[in-house]
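Single chain ahead, written as structure tokens, the form predicted alone.
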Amino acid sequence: MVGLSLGEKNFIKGGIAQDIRTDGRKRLTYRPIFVETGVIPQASGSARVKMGATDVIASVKAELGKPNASHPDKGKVSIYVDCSPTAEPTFEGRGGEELSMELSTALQRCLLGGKSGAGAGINLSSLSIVEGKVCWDIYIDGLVVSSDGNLLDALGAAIKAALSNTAVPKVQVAANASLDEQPEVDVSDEEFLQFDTTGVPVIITLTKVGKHYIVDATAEEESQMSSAVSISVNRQGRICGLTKRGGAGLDPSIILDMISVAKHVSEQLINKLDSEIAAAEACEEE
């Protein structure tokens, strides 16, 4: 919890109203973004993302599994976030557990669409190997190393970078298996397929402070918010998910305006992330 005096609170709110935030940014400007890939060698893919003083890691593990009976032609993705107590004293005990659950649920909504899979930013059909029999199970784990606000956007960026870094082994299916039998599959140790991230969105959280909303809020700015809306937008400008937190209600017209702003900001963020991921991959290969 951020403890601020009345003067500090008024300074933050007044700066946002004047479009000059305490660190000199405008309302719709991000802090410097740093990306590092391949940080966990044992994982199928991994990445570390820093947005200002917020520091998060995402790892991806791909394993063979069986599809759900309700979606036999799709693979499965599960997302879990761990908030390390070393990142923030309030993460100790139940505080960290509740935030971990909140972030995990928000990431599921923003990246995986509804229960039917409609609107999913990750193409679950591409994870199917043999319909109803074999699929890829993708396990995505996020870790909050250091917290200074905007955790959801940072985790979303780290997941996008980790998936770009993910190589899934090539699978050969035995042709002589009958329809009733579990097919034999041969997982290659040498041939890998790059995970397709063209549809994976970025998450833009618009935090409402006073009458205005800002992107990439710091912990101090978040302490003064009335509400926040997180919108996931992919490269094509399609909305993949939306989630809201904070007690204050929002007029539908304001939400529509927020979606419009998120689409505009997402273009800049996607371009910045793409260049950072490409630079990180180049450093990893050297």
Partner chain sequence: MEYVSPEGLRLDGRRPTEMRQLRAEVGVVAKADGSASFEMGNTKVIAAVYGPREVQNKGQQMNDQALVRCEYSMANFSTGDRMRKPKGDRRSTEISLVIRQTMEACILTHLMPRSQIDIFVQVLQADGGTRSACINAATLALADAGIPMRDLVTSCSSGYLNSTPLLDLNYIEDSAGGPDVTVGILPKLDKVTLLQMDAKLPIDIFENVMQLAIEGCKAVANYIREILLENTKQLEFRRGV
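On a predicted model such as this, the values are computed, not experimentally measured, just so you know. Positions refer to the first chain, counted from 1.
As for the form predicted in complex with the partner chain, it is not shown, yet the points below apply to it.
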Hey, in the predicted complex, does residue 85 get a heavy atom within 4.5 angstroms of the partner chain? yes
Please run the contact check for residue 80 against the partner chain in the predicted complex: heavy atoms, 4.5 angstroms, yes or no? yes
Is residue 143 part of the interface with the partner chain in the predicted complex - any heavy atom within 4.5 Å? yes
Within a 4.5 Å heavy atom cut-off, is residue 59 in contact with the partner chain in the predicted complex? yes
With the partner chain left out of view, choose which of 258, 28, 39, 33 has a non-hydrogen atom within 4.5 angstroms of it in the predicted complex. 39
At 4.5 Å between heavy atoms, only one of the stretches 201-209, 128-136, 164-172, 145-153 reaches the partner chain in the predicted complex; which one is it? 145-153
